[in-house]
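This document starts with one chain, in the form predicted on its own, laid out as structure tokens.
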Amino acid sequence: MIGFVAKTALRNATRHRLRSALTVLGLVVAFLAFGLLRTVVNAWYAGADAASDARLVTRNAVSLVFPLPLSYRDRIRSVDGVESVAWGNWFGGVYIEESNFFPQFAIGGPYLDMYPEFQIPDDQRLAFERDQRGAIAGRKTAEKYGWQVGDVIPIKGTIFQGDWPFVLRGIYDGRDPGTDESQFFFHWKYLNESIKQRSPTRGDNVGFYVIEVSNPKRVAEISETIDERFQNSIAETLTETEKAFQLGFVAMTEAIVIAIEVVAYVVILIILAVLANTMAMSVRERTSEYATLKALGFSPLTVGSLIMLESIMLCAIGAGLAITLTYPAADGFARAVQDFLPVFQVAEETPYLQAGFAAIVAFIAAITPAIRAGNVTIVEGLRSVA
């Protein structure tokens, strides 16, 4: 019986080849679009997802735009539970032209030690440490601009005016697929000394502190202690987990992210309507055939199963092709948006979501036609005209 149902359902699915092909095409486009939109949303949260539970970020409580004194470093380090303290500044320079965007940070202290996900060869790390004008770039940025170790990278400052030639001393690779390989680091000391020569009052300030704690379970207590130490000071602090810090940037564009998520699910609803219409048309055309089957002794359940299986076959083909195409499509998309979404990769759960929604769509689209076909009387069915 199972073989008969499967064979008949397959034959029904391919009876109107053009209609079936267009339906499958619609399914492919819909589930592919869903997969890519989900990947865009995941890319938005990539920074937060890659954040460590053992790292805190301290910034000016008013805004990230305002600096903090370097003198806070030792007071933060003395807080119980703090393992190490590094600091940095957002540089925001321009490489050749403004469209060449990549994140640039001046870093100080054990910054690179606190980010083991940035994998740097030992000799390159040593060369970077010895060269005050040295810089380290992520693999993606280096490959995009064709940089090699030893190249001079001229960057024009925007926040910190002037020309800043850096010598590329190292290229880091991400330890994990979710590691951002687009960043560019150089010595905060080089930035600070240059600033003090040009504008002494702006020297010895940092944009943010990165704090490594010994016990991630104490991050709330340590954050509160740090902020209490700088209450009523010239620059009060706001300390939060690295993940919360990253999510703060996401929140600035949260409306866009929500809109993308809504569109992703609307696409599923649209394809559900398309498939439901296809199945309804198919059942209406075959009402007399289902009545004949019932006259031959087939049960309503068997008749309904034919329709349900036909819907599942169409969805399985469409979703299978979409899942297969999602990966190369995402790779092409990643190259196009790598400046804005440096970590753009299909999440592990995305194909499962596509497959799950395909199963739901197949079931919902076929349930009503299957019930109607199962309940049709023999007389009524044989009188029907497709």
Partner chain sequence: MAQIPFSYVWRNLQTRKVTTLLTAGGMALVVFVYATVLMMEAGLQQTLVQTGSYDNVTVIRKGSQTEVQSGVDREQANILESQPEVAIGQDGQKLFAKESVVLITMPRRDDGKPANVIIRGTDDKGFTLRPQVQLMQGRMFRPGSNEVIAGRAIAERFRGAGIGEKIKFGQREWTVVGVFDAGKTGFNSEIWADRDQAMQSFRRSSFSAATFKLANSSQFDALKKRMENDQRLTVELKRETQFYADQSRFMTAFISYLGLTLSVIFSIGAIIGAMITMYAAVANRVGEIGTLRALGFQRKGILWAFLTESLLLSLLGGVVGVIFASSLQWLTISTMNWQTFSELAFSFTLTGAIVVKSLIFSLIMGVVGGFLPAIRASRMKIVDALRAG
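Numbering follows the first chain given and starts at 1. Computed from a predicted structure; not experimentally measured.
Beyond what is shown, the protein has a form predicted in complex with its partner chain; the following relates to that form.
Every residue of the trio Glu98, Thr253 and Ile256 has some heavy atom no more than 4.5 Å from its partner chain in the predicted complex. A heavy atom within 4.5 Å of its partner chain in the predicted complex is found for one listed residue only; from Leu37, Ala51, Val346, Leu353, this is Leu37. Shown without its partner, this chain lists Asp80, Glu285, Asp173, Asp204 as candidates; in the predicted complex, only Glu285 has a non-hydrogen atom within 4.5 angstroms of its partner chain. In the predicted complex, at least one heavy atom of Phe333 sits within 4.5 Å of a heavy atom of its partner chain. Of the heavy atoms in Ile371, none are within 4.5 Å of its partner chain in the predicted complex.
Its partner chain in the predicted complex is approached by Val62, whose closest heavy atom lies within 4.5 angstroms of it. Although the partner is absent here, Leu309 is not a contact residue: none of its heavy atoms lies within 4.5 angstroms of its partner chain in the predicted complex. Residues of just one listed stretch (163 to 171, 274 to 282, 109 to 117, 179 to 187) have heavy atoms within 4.5 Å of its partner chain in the predicted complex: 274 to 282. Shown without its partner, the chain has Ala33, Leu37, Trp44 in segment 31 to 47 as residues with a non-hydrogen atom within 4.5 angstroms of its partner chain in the predicted complex.
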